[in-house]
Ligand SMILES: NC(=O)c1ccc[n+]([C@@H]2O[C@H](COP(=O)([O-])OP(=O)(O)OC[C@H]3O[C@@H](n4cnc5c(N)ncnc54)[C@H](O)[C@@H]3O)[C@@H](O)[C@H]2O)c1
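Shown below, as structure tokens, is a lone chain in the form predicted on its own; questions about how it binds or moves come after it.
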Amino acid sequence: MKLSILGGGAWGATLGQLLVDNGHDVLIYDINQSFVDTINQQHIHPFFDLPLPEALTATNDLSVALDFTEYLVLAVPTKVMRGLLTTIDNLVTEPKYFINVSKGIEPDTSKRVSEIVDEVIKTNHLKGFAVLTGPSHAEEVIKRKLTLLTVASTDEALAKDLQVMFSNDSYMRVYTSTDLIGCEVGGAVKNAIAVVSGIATGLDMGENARAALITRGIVEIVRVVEAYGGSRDTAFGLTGVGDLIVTASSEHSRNFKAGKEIGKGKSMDQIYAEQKQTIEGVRAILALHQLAEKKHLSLPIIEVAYHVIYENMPITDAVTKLLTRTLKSEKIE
């Protein structure tokens, strides 16, 4: 099978190796010429300085990548997703499968990637859509360490085809789901909670506090998943709790690390200057704040994170705001 991965960053290049390991022909598209050259000439991962299969190739010509196959893996940040999809729709003449592997919600619109695809890609250009997501640090997958993911689509046959395509007997097991909404949303919300967990760690609040934030963060994931129309059960699976566990306390997580730097007093401008990869959790906090206002959702952790990051609320005030909320029983609702 042939696949084009649109985005040759940390996750895109890593998935390229996985698919080549599985016997597929893979072409990576990226606008960064240095990424393309590193993959083609040095056969090295652009981020992790680790070898990539020589069979994995790259191009900076989007038309070439689109002509290569009907399977397009979307591995770009949500902030550029709409623009990329618009360009794709103007270039393609035949229907394509779109497989999203990014985790985010579009600020201002609060839309999931599947909704952006439905808006931008003409019906006669859309053969199917799926999301591949779950607890997965690219730093570990590139080293072929054991990982479990979920592929979700409203087209169950497509999900099963992709399950086989991405599964590897040595290190990757993929499950299927028909709850596209729940899987998309869980991956986005956990990024936001991971930033808050990092802030607590940067403040040296202790493991008790981090455990509390992660646990109550699960409650907020459930609320958002259900607000979008997804299943509560999905929030407790790989794409919700599983992804949160791996993201909210690991130095591999750029969302956790960004939060940690915020907790230590760094500004977002300083963090962005030092961080090569996209910090989806910070954008997710903005999108989820906007969603909470629209749908009148109670997302206290997300809300205080929004005030800290976007309105410069002192972190001590944010902690006080959380602790002085009305006392209540513990339940998920």
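Start at 1 with the first residue shown and count on from there. Remember, it's a predicted structure, so these values are computed and weren't measured experimentally.
Beyond what is shown, the protein has a form predicted in complex with this ligand; the following relates to that form.
Asker: This ligand isn't shown here, but in the model of the complex, which of 222-230, 154-162, 208-216, 138-146 has heavy atoms within 4.5 Å of it?
Answerer: Only one stretch passes the 4.5 Å heavy-atom test: 138-146.
Asker: Quick check on this chain: which one of 126, 120, 245, 84 has a heavy atom within 4.5 Å of this ligand in the model of the complex?
Answerer: Only one listed residue qualifies here, and that residue is 84.
Asker: Under a 4.5 angstroms heavy atom criterion, identify the one residue in 77, 107, 237, 202 near this ligand in the model of the complex.
Answerer: The option sitting close enough to the partner is 77.
Asker: Given that this ligand is not shown alongside this chain, does residue 197 nevertheless sit within 4.5 Å of it in the model of the complex, heavy atom to heavy atom?
Answerer: Residue 197: no contact with this ligand in the model of the complex.
Asker: Please check if residue 47 has a heavy atom lying within 4.5 Å of any heavy atom of this ligand in the model of the complex.
Answerer: Result yes; residue 47 sits at the interface with this ligand in the model of the complex.
Asker: So in the model of the complex, is this ligand close enough to residue 278 to count as touching (4.5 Å, heavy atoms)?
Answerer: So residue 278 counts as contacting this ligand.
Asker: I'd like to check something about residue 19: if you look in the model of the complex, is any of its heavy atoms closer than or equal to 4.5 Å to a heavy atom of this ligand?
Answerer: Heavy-atom contact with this ligand at 4.5 Å: absent for residue 19.
Asker: Let me know which residues along 224-258 have a heavy atom within 4.5 Å of this ligand in the model of the complex, or say none if there are none.
Answerer: Residue within 4.5 Å: 254 only.
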